[in-house]
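Alright, here's a single protein chain in two forms, structure 1 and structure 2, each given by itself as structure tokens.
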Structure 1
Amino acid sequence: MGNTPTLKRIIATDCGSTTTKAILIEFIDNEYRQTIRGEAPTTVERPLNDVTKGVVNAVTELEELWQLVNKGKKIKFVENDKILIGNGDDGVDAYVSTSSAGGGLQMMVTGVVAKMTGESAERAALGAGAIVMDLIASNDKRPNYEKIERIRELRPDMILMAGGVDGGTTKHVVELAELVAAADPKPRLGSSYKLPVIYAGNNAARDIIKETIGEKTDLIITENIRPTLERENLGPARDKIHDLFMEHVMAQAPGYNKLMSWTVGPIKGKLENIPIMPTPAAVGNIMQTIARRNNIEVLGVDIGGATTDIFSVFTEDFIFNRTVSANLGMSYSISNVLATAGLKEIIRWVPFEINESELRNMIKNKMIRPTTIPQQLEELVLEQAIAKEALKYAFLQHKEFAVGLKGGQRHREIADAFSQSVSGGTIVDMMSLDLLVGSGGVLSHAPRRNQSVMMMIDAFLPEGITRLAVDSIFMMPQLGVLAEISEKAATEVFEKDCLIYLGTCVAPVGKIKPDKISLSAEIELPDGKTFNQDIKFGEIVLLPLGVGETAKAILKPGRGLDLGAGKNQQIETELHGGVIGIVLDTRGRRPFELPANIQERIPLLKKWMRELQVYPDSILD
């Protein structure tokens, strides 16, 4: 597409399970910029039961703010409760949207060997933006009757069935189909249609599969996702998932039929319908683009109300992985963070004493009234402590899943295929990671960026030298779908308006005694001053260095410690600044430990938080 003069103004929305976020992109001075944003609660709930109401509310806010910014000039984005498209001076030229409301896309996948075709199926589903409720494999050790019960009780939106290489044995994949047929599963939203099942397994079994489940389900057959042992082919299955997501899942959610008719944009000069994308699929698009363009390793996290998604691109082959922690989030699932981590793990991040019962009740109240926000400082601190645990657990799950298996269409040597199923070692390497990007309400909307820095460092424990950024207003989903009609607009806005660089974290790895020097840093700042200091173990030092600025640094790790070049090896490098600056973190990695004793821990937390200026002094005194 590219430089289409017809696209002067574009609205993109992301309908999340809590909030509907709208952004306006305008073509100003020969480039695309994101100018205004608005948001409103998502309205898939009663009494409104219509997602478009929330969209109209968010877009109405855009309209009001546009007029405010443009000093009284009049404009209309909404007319007759509908987004106004292609109306000269008023309205916009395109409207696109992503959605994760209504629980997103919930899938079940099956495969013959859990670690091989099962994992491929799981990756296809995750890559398409789904939440994988369960993976059922021939070798997963559950007795068959249990598998049948499980399939029946899950009520997914759709099932992806994989298994077998093309032309191979059909017995196991047919057996799985028999289990699905016996369970006779019903779709999650309504029983008025048959459950969609995508078959992407051994092509020799297609006819028998048709015979077995063709009548009971809405069966769609596509290419094998694992045609040979050493080749993965996820594209066709992913495309089918997206088609079905639109046709079945979205069409069942309240108001989506209407919304689907609104999303249009010019394709080859004609207004065409632009499909609504599952939010995580759109984020994945954008993340991969960054990694390839800049030739870097990237880890991205999107912590939402219900789920936490982690995206990563690692190794020189740009291997992309995505995981969804379906029940780790900051509102709907906040109580599950407590159930997963336990009170003690959450409290260890809190710099004051707290009544446990009050904390429990606060968490539950957030769960039942998920759209509320912390007005009191104390509640903000608590929510951020919970966020660290949610992020930590989501990241653990990601590391376990990202085990060197490749997405997209890639050939792999037979030896790799075996080693991956046998070793299963994670490819997530915090030492070689270049950029950590945070997004989602709690990270993007944190009142101080310093808070985002601390949450990301404490939860992910970056090692060596790592740049930190946030997607300030969580624009990645909208940009991911926008790329469908204009890659130019999407990438321009991404580079200029999306990422806000926070700074760089420097953290030596390894064990050392508390009173020893952990890091000797000699940093030449742009104003000509030099920071020269030996930092003991257990400290955080913040060194301001602005956005776009760099500083030459000679960094020497303490005895036995490593900064990325090997134990005791000095590094000479350039550190990038950001709105916060450089964070020299000598609190330890592998292990990172907080004192169990509250009398020791609280003063330490306060010291670090003061140095990083995380919270107002009133709460740290």
Structure 2
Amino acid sequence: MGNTPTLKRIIATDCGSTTTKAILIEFIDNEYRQTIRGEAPTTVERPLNDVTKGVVNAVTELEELWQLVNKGKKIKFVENDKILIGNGDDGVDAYVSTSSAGGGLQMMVTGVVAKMTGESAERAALGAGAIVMDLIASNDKRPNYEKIERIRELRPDMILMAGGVDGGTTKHVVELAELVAAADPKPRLGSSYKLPVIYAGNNAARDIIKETIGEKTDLIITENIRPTLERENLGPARDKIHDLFMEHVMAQAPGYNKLMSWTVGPIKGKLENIPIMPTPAAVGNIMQTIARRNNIEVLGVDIGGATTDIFSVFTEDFIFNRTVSANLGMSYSISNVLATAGLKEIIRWVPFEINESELRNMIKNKMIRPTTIPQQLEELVLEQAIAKEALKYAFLQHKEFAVGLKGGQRHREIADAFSQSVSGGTIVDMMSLDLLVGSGGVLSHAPRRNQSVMMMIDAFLPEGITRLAVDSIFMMPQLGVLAEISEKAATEVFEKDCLIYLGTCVAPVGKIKPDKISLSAEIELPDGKTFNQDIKFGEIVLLPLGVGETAKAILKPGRGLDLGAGKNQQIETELHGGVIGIVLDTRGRRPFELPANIQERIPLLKKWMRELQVYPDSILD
């Protein structure tokens, strides 16, 4: 799909709520590389009220930087206040864009059973890049008047309705449609338009759904999200969400109609319009593309000021999940992190004594001044301690959501007959995870990459052998939409320019006594030296191994521990290096436990941080 090298030059933009980011991708020496990056303030609000102004400003910066890098050679990327497509030596061959301006895509979903069709509808909406404002289900125990009020108050961009298996009873799904009809909701943008509603439920109820809400809403009917209890069919609903996002949501935002006419690229050999994609959906797209092309399991996180998004692709079927922790972030939502985790959980990561009121003041200051960055080393340590807890709780939420299908047939014991639970187990398996990718300011722009490594290891607790990376300048959204026209360009730039490989974490897991050997490692480094050591429980060891380098390793876990091949099983493998190298983490137990006693905990934290070279000695002495 679109793997032709005729795309010599591509521009991709991401229109965020505050900043519009543009990247230039060029075909150089038979490969695609990201060469120049520019940005400008987003102009979707007053006084300009035209998103294309910010796009033009960001692309003009690309043009100026290109000329500077190429020693004054002239080029045009912008002409007559629009992006120039295909004009000899000037212009670009394709232009694609993503957007989360205007608050992104905000949806409500409905389902008959909250933990079955309701969750399937949530997965479809989240996978399409939406923020799910609420889930309304027949069994959610709220009275009908409350549900109706909720639909009216929230004013979502669209509603996704699911419920029932094909050919089953229609009663409950029709009742949900009657609630939507009674609420008569108006869209958030464009009050003169009818609210888009996607019906992806029991096909036997389609005619009654049309009668009930066909006149009051802009009703779109697509295939059932859950045609049987054992099968999910999210693709058609996700596609409809994307289409309606463009037609109803983006079309109401100032300047987006103009921008939509600019985005073009080759599809099956001819230039066509490329739809603008919601930013989170585009990130999910590149994650899935990388997982499929490399046959690996991937987990990615984007921690922002207000929300933390987690994306995962697990199992041999490459099942994609995305969750949005809307109350966990590093500026606007930082007080919610404190409320969720509690002071003790944050303080346990701090390698010095601190007054609780000091920490509270620092958190409140960050909330009311969200654009500030730490001015002192102690503030940086505190911010990164908070980040560990935000990441941890966002990941816990993700694991609860990324589960096998609920309600499907499975082997049951007699004891299960007395259980009302319909929950499936999580498909997130840290032992089989191949690649963990961090993104967002606190991870991508940490003063030392070693700090990013420690935050990711402490928050996600990788098991077995896992490669770690960060997104250098958060270009994953642009690459996600680029994958629609050229997987080759998107994946080459992702591997070579987007990802900064930090190294590999080796972590045997299981219960073991503190004085016992957790890992026997024999690692042959590229310089001919050999690391041969038995490592006791509770240690962190850092071995330098550069980007692109590999080391042959024979790794034997301690008695009762597992590295991925089973308990006590030795592994022979190649470990990949990175900016930091190889981290041997024998702290073992998951979830992670730190001593409650401050006199024991602080020396332990300092010891680990020294070994990982996380902070200067001045703060660890």
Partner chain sequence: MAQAYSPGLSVTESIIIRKERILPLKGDVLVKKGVKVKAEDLVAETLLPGKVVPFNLANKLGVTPNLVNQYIIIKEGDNLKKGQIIAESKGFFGLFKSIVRSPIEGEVENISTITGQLLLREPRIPVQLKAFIDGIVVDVIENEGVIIENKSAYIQGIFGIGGETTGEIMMIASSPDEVITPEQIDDSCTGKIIVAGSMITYKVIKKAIQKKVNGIISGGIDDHDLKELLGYNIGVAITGHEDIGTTLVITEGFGDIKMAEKTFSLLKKFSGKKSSIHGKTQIRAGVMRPEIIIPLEFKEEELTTPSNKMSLLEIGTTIRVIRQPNFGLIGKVTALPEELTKVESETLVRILEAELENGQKVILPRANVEVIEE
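Throughout, residue numbering runs from 1 along the sequence of structure 1. All of these numbers come straight from a predicted model, not from anything done at the bench.
Annotation: structure 2 represents the form predicted on its own, while structure 1 represents the other form. Hinge residue among Gly538, Asn568, Leu594, Asp497 for the rigid-body motion between structures 1 and 2: Asp497. The two rigid parts differ in orientation between structures 1 and 2, with the smaller turned by 18° against the larger.
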